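One chain comes next, on its own, written as structure tokens: the form predicted on its own.
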């Protein structure tokens, strides 16, 4: 496969990833990294490209969603303080972790993503019309504390694995803060870019950012995110989530297999 063909393929994959990332709030890195490693890209370079793409997705989607009052900015900023500290910690730990262990952890995170998504209660779709932002004072303190610590864990995973950890972010806002699904995903899209930006400088200093690899991924995610924000206003995400979970399940098995057998 020529460089042009490879770049074109990455653009198309990243475009679909951007769409799904916006609709689910997962950030997209959870798919970008294993797909790139499937093409024999070094996992560290794949994670670097993933972080840049997450920032792109967040910037291109959060402005529209904020204007539509989808994203809850006060909640996002509060929770993001923990995520940023976790992301910096995770990025600093990255050089000391073996690649096979990263692959295994990534596969397990994907499996957790599937489990948490499948177990989401049906109420998320019935509350999508309640989109007005809530102030922090309207939440109970135990809710905020549990959500804050969960975001810290999400940040560590983001810095270590090169993902936005949108899975844990959406889960925390949905389960712990009881925000509507569209608010949770939009707020997650706002947050993942900040989390990724907190660790991307460390990745760059380690030489894990390859412009030739990053450019087609970022371009595809940008266009995909623009499309995804249009779809989010009218879409019911059940069918898209089922397709997305099927893809994630296959990818998770691949990452677990490569990590356990040492083929990565």
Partner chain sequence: MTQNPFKKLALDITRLGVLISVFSVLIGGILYLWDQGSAPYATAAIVHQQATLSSGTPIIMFGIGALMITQLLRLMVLMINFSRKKQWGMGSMTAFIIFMIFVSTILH
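In this text the structure is predicted, and so the values were computed from the model without any measurement. Numbering follows the first chain given and starts at 1. Think of the rigid core as the biggest set of C-alphas that the two forms share within 1.5 Å after superposition.
Keep in mind that the form predicted in complex with the partner chain is missing from the display, and what follows is about it.
Chemist: Counting non-hydrogen atoms within 4.5 angstroms of the partner chain in the predicted complex, say which of 193, 107, 152, 180 makes the cut.
Modeler: The residue from 193, 107, 152, 180 that makes the contact is 193.
Chemist: Considering only heavy atoms, tell me if residue 257 and the partner chain come within 4.5 Å of each other in the predicted complex.
Modeler: The answer is no: residue 257 has no heavy atom within 4.5 Å of the partner chain.
Chemist: Would you classify residue 78 as touching the partner chain in the predicted complex, given a 4.5 Å non-hydrogen atom cut-off?
Modeler: Residue 78: contacts the partner chain in the predicted complex.
Chemist: Is the gap between residue 136 and the partner chain in the predicted complex 4.5 Å or less for some heavy atom pair?
Modeler: Contact with the partner chain, yes.
Chemist: Hey, in the predicted complex, does residue 229 get a heavy atom within 4.5 angstroms of the partner chain?
Modeler: Looking in the predicted complex, residue contacts with the partner chain do not include residue 229, since no heavy atom lies within 4.5 Å.
Chemist: Of 81-89, 169-177, 154-162, 94-102, which is the one stretch near the partner chain in the predicted complex, taking non-hydrogen atoms within 4.5 angstroms as near?
Modeler: Going through the listed ranges, the match is 81-89.
Chemist: Using the arrangement in the predicted complex, list in sequence order the residues of 196-211 with any heavy atom within 4.5 angstroms of the partner chain.
Modeler: Heavy-atom contacts to the partner chain in the predicted complex: 197, 198, 200, 201, 202, 204, 205, 207, 209, 210, 211.
Chemist: With the core lined up, does the C-alpha of residue 51 move 2 Å or more between the shown form and the other one?
Modeler: No, because once the rigid core is superposed, the C-alpha of residue 51 moves less than 2 Å between the shown form and the other one.
Chemist: Align on the rigid core first; then say whether the Cα of residue 10 has moved by at least 2 Å between the shown form and the other one.
Modeler: Indeed, residue 10 is displaced by 2 Å or more.
Chemist: Rigid core aligned, does the Cα position of residue 223 differ by 2 Å or more between the shown form and the other one?
Modeler: Moves: yes, 2 Å or greater.
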